[in-house]
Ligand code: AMP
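A lone chain, given as structure tokens: the form predicted alone.
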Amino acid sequence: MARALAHSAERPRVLCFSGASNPGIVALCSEYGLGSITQPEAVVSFGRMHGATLAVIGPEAPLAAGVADALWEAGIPVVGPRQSLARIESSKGFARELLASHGIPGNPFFQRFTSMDGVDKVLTQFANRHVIKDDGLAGGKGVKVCGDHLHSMEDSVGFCRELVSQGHAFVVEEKLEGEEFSLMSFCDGETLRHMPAVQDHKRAYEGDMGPNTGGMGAYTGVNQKLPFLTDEDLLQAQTINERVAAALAEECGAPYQGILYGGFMATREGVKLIEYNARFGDPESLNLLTLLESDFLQTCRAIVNGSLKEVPARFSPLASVCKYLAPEGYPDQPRKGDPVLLPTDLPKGVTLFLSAVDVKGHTLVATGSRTVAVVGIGESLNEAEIRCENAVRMIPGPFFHRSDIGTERAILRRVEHMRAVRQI
């Protein structure tokens, strides 16, 4: 986001307020502040001090904390929904109930709970095919899937009891069968500009094995499509995003202004909703903003001005592949403090993004989470993947990545899976 803003034809002065220092963003900014990004007063103070005229919020936590509301009240327009609208991400139950009450397709069976009353009945009804989700934000650790994380009824009941003991509401849903994809849309409250479909990879290891992570990489196909999706799949997802934006405005009495991120699954019965995010996804944003050909700052201004219908959102028809390099032991027991040696001569069509790194003396070091993202673009997925993989392998050290992301073999497996699901 910082790079896309800095590269605008308007040559804006970029400011960043963050909970941690990121050398890549520091290099793009005229001012970089450190503090709590979930304290509205601190964010507003920083914006006022440096004369901010527009705010673009990245993570979900500030949105849930009402930072967008405080910035608007301070006269600083915001790309990112107000707190009541951000419930589309901060409450799984709110999102499900919004679709249900407005007759929007895409919901599987679901039921929200605040106690154990009735839980056994639903778990038995969907034995071996259920998903349990913490209703609130849980940093990607609040969802457990039958067969992946829950291997018995005792596991499922135990996780529900754990959530109840913590005072957390939760949702039990029917487990879906198909292929996941993400569809993000720029939204000014009325007009939506859809981005290319993306597929993220949450599992740490090859073949979608290992623990969940913040995302080990993602890819987009040529002409803004994914090989396993049909045109009808994309249309259904776009329509759901459009209807959800309208429902949010009606429900909350305010326009949804920001990025509306639908996490979907293509199934035999059509496109189903997995969850909503109220902001750009990571790493999907790295793919999408690398492919964005129109001016990101102009798009952001149109979002806050309600004039998105007058501003096109143009994306390159090229394919993209993003792979994250992470320290050994990530995500559970990651190494920290190892030097990060970046290549001085990147291959054609490759961009690097720094993530969980810091500068100690004159050395770039890893701080324990996903370290460097590498994005390759090409006229085919195969070309984009090869460029990305070659660049990732140029970075030495005790790090690992998923070399299977975007490969022909992995893509073919997903295409064949969807054929089996659709019974073609």
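For clarity, every value in this text was computed on a predicted model and none was experimentally measured. Residue positions are given as counts along the sequence shown, with the first one as 1.
Form predicted in complex with adenosine monophosphate (AMP): not shown, discussed below.
Chemist: Just one of 327 to 335, 307 to 315, 118 to 126, 168 to 176 has residues with a heavy atom within 4.5 Å of adenosine monophosphate (AMP) in the predicted bound form, so point it out.
Modeler: Selected stretch: 168 to 176.
Chemist: So in the predicted bound form, does any heavy atom of residue 104 sit within 4.5 Å of adenosine monophosphate (AMP)?
Modeler: It does not: once adenosine monophosphate (AMP) is placed as it appears in the predicted bound form, residue 104 has no heavy atom within 4.5 Å of it.
Chemist: Any chance residue 247 has a heavy atom within 4.5 Å of adenosine monophosphate (AMP) in the predicted bound form?
Modeler: Although adenosine monophosphate (AMP) is absent here, residue 247 would stay clear of it in the predicted bound form, with no heavy atoms inside 4.5 Å.
Chemist: So, residue 323 and adenosine monophosphate (AMP): in the predicted bound form, are they within 4.5 Å at any heavy atom pair?
Modeler: No, residue 323 stays farther than 4.5 Å from adenosine monophosphate (AMP) in the predicted bound form.
Chemist: Is there a heavy atom of residue 133 lying 4.5 Å or less from a heavy atom of adenosine monophosphate (AMP) in the predicted bound form?
Modeler: Result yes; residue 133 sits at the interface with adenosine monophosphate (AMP) in the predicted bound form.
Chemist: Report the residue, out of 97, 155, 180, 251, that has at least one non-hydrogen atom within 4.5 angstroms of adenosine monophosphate (AMP) in the predicted bound form.
Modeler: Among 97, 155, 180, 251, a heavy atom within 4.5 Å of adenosine monophosphate (AMP) in the predicted bound form occurs only for 180.
Chemist: From the list 274, 204, 292, 352, which entry has a heavy atom within 4.5 Å of adenosine monophosphate (AMP) in the predicted bound form?
Modeler: If I apply the 4.5 Å criterion carefully, the residue I get is 274.
Chemist: Using the arrangement in the predicted bound form, list in sequence order the residues of 253 to 268 with any heavy atom within 4.5 angstroms of adenosine monophosphate (AMP).
Modeler: Going through 253 to 268 in order - heavy atoms within 4.5 Å of adenosine monophosphate (AMP) in the predicted bound form - there is one hit, 265.
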